[in-house]
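Shown below, as structure tokens, is a lone chain in the form predicted on its own; questions about how it binds or moves come after it.
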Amino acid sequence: MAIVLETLFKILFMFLLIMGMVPALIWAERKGAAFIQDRTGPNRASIAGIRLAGLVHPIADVLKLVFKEDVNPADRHHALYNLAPWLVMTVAMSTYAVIPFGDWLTVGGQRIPLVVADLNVGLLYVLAVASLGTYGVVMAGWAANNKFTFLGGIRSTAQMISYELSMGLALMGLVLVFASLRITDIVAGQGELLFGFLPKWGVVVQPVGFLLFIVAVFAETNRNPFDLPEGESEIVAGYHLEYSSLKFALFFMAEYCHMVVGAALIAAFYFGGYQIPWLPRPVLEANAGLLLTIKLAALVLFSAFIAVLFLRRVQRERGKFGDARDREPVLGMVFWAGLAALAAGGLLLRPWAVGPVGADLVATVFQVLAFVAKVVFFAWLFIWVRWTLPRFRYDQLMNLGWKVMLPLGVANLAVTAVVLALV
């Protein structure tokens, strides 16, 4: 029973992390695109007149898609047409099962590893499950009985075959370096130091592999500049052209779930996962009181600074709009002032005197926060790249995959093997 509860807790954490980031990423995508293109972005939807800089729009989008009419093509394959969006979403949510989001959590004297399934072949599981997502895309393209959706499915298949080869070769270099297919072993190995000062992260020991992997992840998630299966300028909307309402919402959410999982894989394989540079677990536990005090003090100062900025905005823009938008800076000031007050209250509890049990918990929290911060950064990188680079032509996509990345992957693997044999 205890094992079941532990597993459910870990599944719930990762599920909430991914699904919680989906609406946040949708908002960040739309506002980030607006920022890059020098425009305002979404700011019209409101609740009781409060717009919150467009944060209400993801809620409006969900309600719109749920209650929108579900229009289905007449000549579709009923079973496969209905199954495809659920398959894509299920695959997107299943990949995270082997990604560790922390070292361990001690409960009742028992150490609980913070990974849903610590498989001996976790790396192979990632490659196997990720490739299944293409079946949903191909299924959607074929079952809709539309030439544009069919072309999108075919493009997705060719893209997956081309870039999964490079992804596998990039990861094989990591397998040689860390001598394990278990992702927890790979992440734990990145907690070591090279030459006594350089973190042994995957990006340090496999820089070429990192470049190959991140490009392949962009291709696997069908994000710009690799969104050929959806190329609006060529095939209207690609494989999901004939989908509407909740089915389209599933494809839409699956793309952002893939972004979060892709960001988590980049962080785990090449940026230490939950590891904090120069602060291994024993150091975190030994200095937990000091680190917690510094963190709370920094949170007090930062939150108070943001609250003061909101206060100045309240004074500067009083009565500017003449409606509920005038109250939004007040809400921001109250939120950040409340956060500063909570952090100050935490300092009154004497965090520097935390005991062994508290030190263990603090170390776990710091590691989980480090992992989440890396995931958020790389998720934003997906958005940044999408609105910076133009879409490839299809021949350019294939040339990059077969004539550039594949030879580089083979060369990187050969050089890694030779260096390890010599060193």
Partner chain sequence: METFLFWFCGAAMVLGGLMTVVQRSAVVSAVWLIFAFVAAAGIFALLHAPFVAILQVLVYAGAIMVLFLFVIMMLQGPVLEGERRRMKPALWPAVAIPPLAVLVLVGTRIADHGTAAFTTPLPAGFGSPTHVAELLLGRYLLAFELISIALLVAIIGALAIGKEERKLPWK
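Because the structure is a prediction, the values reported are computed rather than measured. Residue numbers count along the first chain shown, from 1.
There is another form of the same protein, the form predicted in complex with its partner chain; it is not shown, and what comes next is about it.
A.B. asks: Is every one of 243, 251 and 264 within 4.5 Å of its partner chain in the predicted complex, counting heavy atoms?
C.D. replies: No: no residue has a heavy atom within 4.5 Å of the partner.
A.B. asks: Heavy atoms within 4.5 Å of its partner chain in the predicted complex: which of the stretches 72-80, 254-262, 273-281, 184-192 has them?
C.D. replies: Of the stretches listed, the one contacting the partner is 72-80.
A.B. asks: Name the single residue among 288, 160, 296, 235 that comes within 4.5 Å of its partner chain in the predicted complex, judging by heavy atoms.
C.D. replies: Spelling it out, the residue with a heavy atom inside the cut-off is 160.
A.B. asks: Going by heavy atom distances of 4.5 angstroms or less, which of 150, 178, 201, 96 would be at the interface with its partner chain in the predicted complex?
C.D. replies: Looking at 150, 178, 201, 96 one by one, just 150 meets the 4.5 Å heavy-atom criterion.
A.B. asks: How about residue 164 - does it come within 4.5 Å of its partner chain in the predicted complex, if we only consider non-hydrogen atoms?
C.D. replies: Heavy-atom contact with its partner chain at 4.5 Å: present for residue 164.
A.B. asks: Is residue 131 near its partner chain? Define near as a heavy atom within 4.5 Å, in the predicted complex.
C.D. replies: Because a heavy atom of residue 131 falls inside 4.5 Å of its partner chain in the predicted complex, the answer is yes.
A.B. asks: Although its partner chain is absent from this view, report whether residue 135 comes within 4.5 Å of it in the predicted complex, heavy atoms only.
C.D. replies: Yes, contact at 4.5 Å.
A.B. asks: Is residue 110 one of the residues lying within 4.5 Å of its partner chain in the predicted complex, judged by heavy atom distances?
C.D. replies: So residue 110 does not count as contacting its partner chain.
A.B. asks: Under the 4.5 Å heavy atom criterion, name the residues of 107-143 that approach its partner chain in the predicted complex, in sequence order.
C.D. replies: Sequence-ordered list: 120, 121, 124, 125, 127, 128, 131, 132, 134, 135, 138, 139, 142, 143.
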